[in-house]
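One chain follows as structure tokens, the form predicted on its own.
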């Protein structure tokens, strides 16, 4: 199983929309795909029109790593399931930090997932915390949507340096520009800087469009709610570029 975490320490940069749309595209290719909603706001859960289990508290979630099947829900789309989240998991980070060998807990959970899924997407909360550190040490790839501004790029560099300094895990980091507008000079300059040799950014950008914001209204992936939108083509290109940049190929 390949594990992909969609992460940024800043909120409102397009993490959840990226997770939902990429996971949907992955599932449409016939791969058994899971989204693990790790954000207590439960945005991915909401976008996929799934109701969180009110009894699924953070403590119960960690105890249930041997019986994850009872917590996972179908989304209504072929090959795509979700481990939903709600406000009840807001203490997950503190519980992991208090637990002995908390860093190994996610690895055990991934082992459970790998029995049933080819690819797992993690929709991560916006923070630098014990949970995010655990994710950095556990997943195969970190996908980072970055707004094309100086401060957003600086935050990305801080995260990349932090990961390199604190973990020896061979983590592939794939940043890309979200909320992009080619009409803005500062966005074009950020693209040129980020995609030059050594810049590290993917070349696919996700444009700023109201249709993406309306995913919360339709409660469905964009290829379902707005299949003719140019944003769908952008996500398809992004998913294709991510696949070519993974260290290991996705299961067929």
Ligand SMILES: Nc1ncnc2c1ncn2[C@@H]1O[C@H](COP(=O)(O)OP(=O)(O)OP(=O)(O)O)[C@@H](O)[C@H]1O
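Positions refer to the first chain, counted from 1. In this text the structure is predicted, and so the values were computed from the model without any measurement.
In what follows, reference is made to the form predicted in complex with this ligand, a form of this protein that is not presented.
In the predicted complex, every residue of the candidate spot (13, 126 and 206) has a heavy atom lying within 4.5 Å of this ligand.
Proximity to this ligand in the predicted complex, defined as a heavy atom within 4.5 Å, singles out one entry of 179, 131, 171, 174, which is 179.
212 is the sole member of 50, 68, 202, 212 with a non-hydrogen atom lying within 4.5 angstroms of this ligand in the predicted complex. This ligand in the predicted complex is not approached by residue 28, whose heavy atoms all lie more than 4.5 angstroms from it. Contact check for residue 41: a heavy atom falls within 4.5 Å of this ligand in the predicted complex.
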